[in-house]
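Next up: a single chain in structure tokens, the form predicted alone.
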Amino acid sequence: MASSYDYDDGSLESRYGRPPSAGHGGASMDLSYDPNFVPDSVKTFVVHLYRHIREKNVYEIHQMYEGSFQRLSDRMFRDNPWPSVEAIAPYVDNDHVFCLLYREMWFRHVYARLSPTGRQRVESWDNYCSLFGVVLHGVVNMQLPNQWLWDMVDEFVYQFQSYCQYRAKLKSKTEEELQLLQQYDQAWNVYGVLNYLQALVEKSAITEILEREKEGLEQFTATDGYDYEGGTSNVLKMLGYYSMIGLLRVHCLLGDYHTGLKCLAPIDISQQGVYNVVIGSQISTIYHYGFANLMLRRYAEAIREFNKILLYILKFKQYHQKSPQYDQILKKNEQMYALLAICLSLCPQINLVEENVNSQLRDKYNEKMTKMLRYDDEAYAVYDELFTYACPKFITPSAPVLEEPLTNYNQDAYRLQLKLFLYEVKQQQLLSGVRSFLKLYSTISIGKLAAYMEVDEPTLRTILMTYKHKMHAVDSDGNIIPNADLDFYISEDIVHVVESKPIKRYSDYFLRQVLKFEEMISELDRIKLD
């Protein structure tokens, strides 16, 4: 594959921005590590976290979850797991639900800092099954921070993706690992994952809540999903809400873009929503929504949403520098610029892109976008490169066939999606040339245009029909929507061009001035006066 990027198959580095300290197949840890030893700082941490959860003190829970847990991990558990759940259980009254929550964080730490073994991957699946089982079938009266609930769903989907990639690399598996795959063949089963996410959506009645909110009968977005009276738990409600985004992501990983967008439909992303509250949730939503629209040829919609989120990141990323998600924010930001470059090369709609975003885009991809407009072998190599860099880490969800000779099939799903994408690019080969000529004329005869294009008239008519077809798409409601910034019709062998006039957007001008003003203030703050 001719590219300066490699398709990252969902390894741990891609998510956490740091290399695992272990070799293949197992967590590397200090040999003196004792899972039953609980340092005083960890005792204090779990006792306080347990108390705050019992008291429904969301602010303190959030401070401990986002701050204390990360600081303790950095200071004491850089190369080792946290103490086992059995060791901390006596300090929290052996509370079953708290122990499930602790284990969820414990496994997430193993994925982030170490390299999980096959058995740990299976145990994490069992823990999620138990945790979601309690939420779905028990009585939960906790209030947990949205950040934690989002991370729970996000990590659940990530670990599913990671497991699919892990079991697809059969060549380097030990006999023990192969036996484990065979013994626990239902772990991280695609139907199980989809069923849990769907069950959370349905049991939470989140779709009905969002419908009632539109009618003014519910306060969901205004309260960020919390119940400030402390009456009802926000846990099931918010897990249901975030599961809609999780379902979009899973279906994108499977290459089923229609179903993914259908799962997200109850959330109106043209409005402020609870998904905006957590930066990771907002970026994941728009990244997968934009990618699904790109693959369905709804380029204008993808461009609009990428533009909005990239402008937001440009403006607010400095406020997230201390966030554990900061590396992931930066990576998704770069990937979305690459996807925006692809969209604009296939469907030039520069009037949909705000000036600051366009400036960043040109700095990063101006040369590549110029190449992509040429539609020669070099152009295909650039499309290949950018798609490989920016696409989700596609998975093959079926269990492996454990027969000799063992092969790796972890890249099969990606190769199929890349092939489909490049086939679409190939079909649009001559459209760029047509568009450049049509931009110059309000009317032009078929014969004259054919001469300019150096093709005969029947071929030109085919190209024009292809342009019509490819520059329109079908939206989620089944309506045909235009993608291009110009349209045309043919009457008596004359092509009549209708160019859409860009709408003047005064808000963009003011946003730009606000950004410049904030930069000036930041510069002035850094100047130390004598």
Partner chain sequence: MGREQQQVSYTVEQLVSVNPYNPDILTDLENYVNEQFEPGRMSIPIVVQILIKALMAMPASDFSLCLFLIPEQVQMEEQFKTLIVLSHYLETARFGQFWDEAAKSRSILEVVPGFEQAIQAYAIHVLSLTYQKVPRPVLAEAINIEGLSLDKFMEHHVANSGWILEKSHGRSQLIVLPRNEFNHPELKKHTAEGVPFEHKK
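Numbering follows the first chain given and starts at 1. Values in this document were obtained by computation on a predicted structure and should not be read as measured data.
Not on display, but discussed next: the form predicted together with the partner chain.
Given the partner chain in the model of the complex, answer whether the residues His258, Gln417 and Ile480 all have a heavy atom inside 4.5 Å of it. Spot residues vs the partner chain: full contact, yes.
Interface residue in the model of the complex among Ala112, Val97, Leu254, Leu402, criterion: non-hydrogen atom within 4.5 angstroms of the partner chain: Of Ala112, Val97, Leu254, Leu402, the residue with a heavy atom within 4.5 Å of the partner chain in the model of the complex is Leu254.
Taking 4.5 Å between heavy atoms as the contact cutoff, choose which of Gln219, Thr370, Thr174, Asn351 touches the partner chain in the model of the complex. Only one option qualifies, and that one is Asn351.
Can you tell me whether Phe517 touches the partner chain? I mean in the model of the complex, with a 4.5 angstroms heavy atom cut-off. Output for Phe517 is no: heavy atoms all beyond 4.5 Å of the partner chain.
Does Tyr289 make contact with the partner chain in the model of the complex, using a 4.5 Å heavy atom cut-off? Judged by the heavy-atom cut-off of 4.5 Å, Tyr289 is in contact with the partner chain in the model of the complex.
Wondering, does Tyr319 line up within 4.5 Å of the partner chain in the model of the complex on heavy atoms? It does not: once the partner chain is placed as it appears in the model of the complex, Tyr319 has no heavy atom within 4.5 Å of it.
Wondering, does Glu492 line up within 4.5 Å of the partner chain in the model of the complex on heavy atoms? Close contact exists here: in the model of the complex, Glu492 approaches the partner chain to within 4.5 Å, heavy atoms only.
Which one, 210 to 218, 335 to 343, 302 to 310, 99 to 107, holds residues whose non-hydrogen atoms are within 4.5 Å of the partner chain in the model of the complex? It is 302 to 310 that comes within 4.5 Å of the partner.
Do Leu515 and Val274 move together or apart in the model of the complex, judged by C-alpha distance changing 3 Å or more? The answer is closer, because the C-alphas of Leu515 and Val274 approach each other in the model of the complex by 3 Å or more.
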